[in-house]
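One chain comes next, on its own, written out as structure tokens in the form predicted on its own.
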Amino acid sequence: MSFEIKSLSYVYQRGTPLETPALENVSFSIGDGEFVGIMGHTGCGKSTLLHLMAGLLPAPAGTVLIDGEDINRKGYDRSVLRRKLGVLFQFPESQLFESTVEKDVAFGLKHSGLSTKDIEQRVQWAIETVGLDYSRVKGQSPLGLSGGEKRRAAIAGVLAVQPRHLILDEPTVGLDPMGREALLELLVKLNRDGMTILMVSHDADSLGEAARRLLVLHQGHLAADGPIGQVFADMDAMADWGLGVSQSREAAGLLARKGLEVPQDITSYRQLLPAVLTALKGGGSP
């Protein structure tokens, strides 16, 4: 099991007039190799949850287990956590600072104990894994890359450590359509290769294309947890939580109301098109 969250609660400025509950008794688990999305209205506790899971905030109430280990227990080796868990918060490209892409991607390996040759191989692998041309970009300033390339260079810096699990907070924000598509394809490939991915996003279309399971947070509580098609199928509940669903799911609902029998657990265009073709052919193969 990659993550086990047990009865997790968090209150900001506890004991003051500004006391604000962020999470209340949240529990769930994520198996190895899952791709899980998290949605929720602004202020529902998503960022707090990520910070707790990444060990950036202590957990005063509840437990965070990663690979069966309590990351908040006394004596837990945080260097192990940093090797296991890659974390990418919003606009990670703003944290690119080295003079070249190669140096920036290698930064997290400075104290890894790896040889210079092994570090070079890791860096090349990470840069190529995110779809950048190693020979072209390695000597460039990361500030000279395009927006989408900067985002991928930042991800390469995380991947160079070769974590088993990856947490992302709004990774598609600010990307153009091509950059967004390339990033989602990369995340799906990483997941297919065995990496556990947890992705927070307001972008229902991105989650509908990439995630297989969806958690919904509402006012600090876990309001829904299930296959993303199942959660999106209840559009009334999503609306009650102040959330939308993917455009493909909306289209499936509109087509059903017009009498076309298409599944209502559709979340992406790649599911919608063959379903529509099948329905138009009277249920035969598209």
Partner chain sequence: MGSIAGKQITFAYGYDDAPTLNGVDISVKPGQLVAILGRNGCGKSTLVRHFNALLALQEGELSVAGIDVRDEAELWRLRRTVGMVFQNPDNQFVSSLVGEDVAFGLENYQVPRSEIPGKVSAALEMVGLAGFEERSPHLLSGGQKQRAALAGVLALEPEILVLDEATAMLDPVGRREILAAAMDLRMRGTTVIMITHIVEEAIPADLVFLMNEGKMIAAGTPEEVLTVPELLEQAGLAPPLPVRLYHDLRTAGIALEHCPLTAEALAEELCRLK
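Predicted model only: the values in this text are computed from it and were never measured. Numbering follows the first chain given and starts at 1.
Here the subject shifts to the form predicted in complex with its partner chain, a form of this protein not shown in this document.
- The single contact residue among 255, 238, 222, 30, judged by any heavy atom lying within 4.5 Å of its partner chain in the predicted bound form, is 255.
- This chain lacks the partner; the member of 202, 189, 164, 212 within 4.5 angstroms of its partner chain in the predicted bound form by a non-hydrogen atom is 202.
- If you check its partner chain in the predicted bound form, you find no heavy atom from any of 44, 124 and 130 within 4.5 Å.
- Taking the partner from the other structure, its partner chain in the predicted bound form has no heavy atom within 4.5 Å of any heavy atom of residue 114.
- Taking the partner from the other structure, its partner chain in the predicted bound form has no heavy atom within 4.5 Å of any heavy atom of residue 119.
- Although the partner is absent here, residue 280 lies within 4.5 Å of its partner chain in the predicted bound form, judged by heavy atoms.
- Contact between residue 65 and its partner chain in the predicted bound form is not found at the 4.5 Å heavy atom cutoff.
- Heavy atoms within 4.5 Å of its partner chain in the predicted bound form belong, among the stretches 226-234, 66-74, 257-265, 30-38, to residues of 257-265.
- For the partner-free chain shown, 173, 174, 175, 176, 177, 178 of 156-180 come within 4.5 angstroms of its partner chain in the predicted bound form, judged by any non-hydrogen atom.
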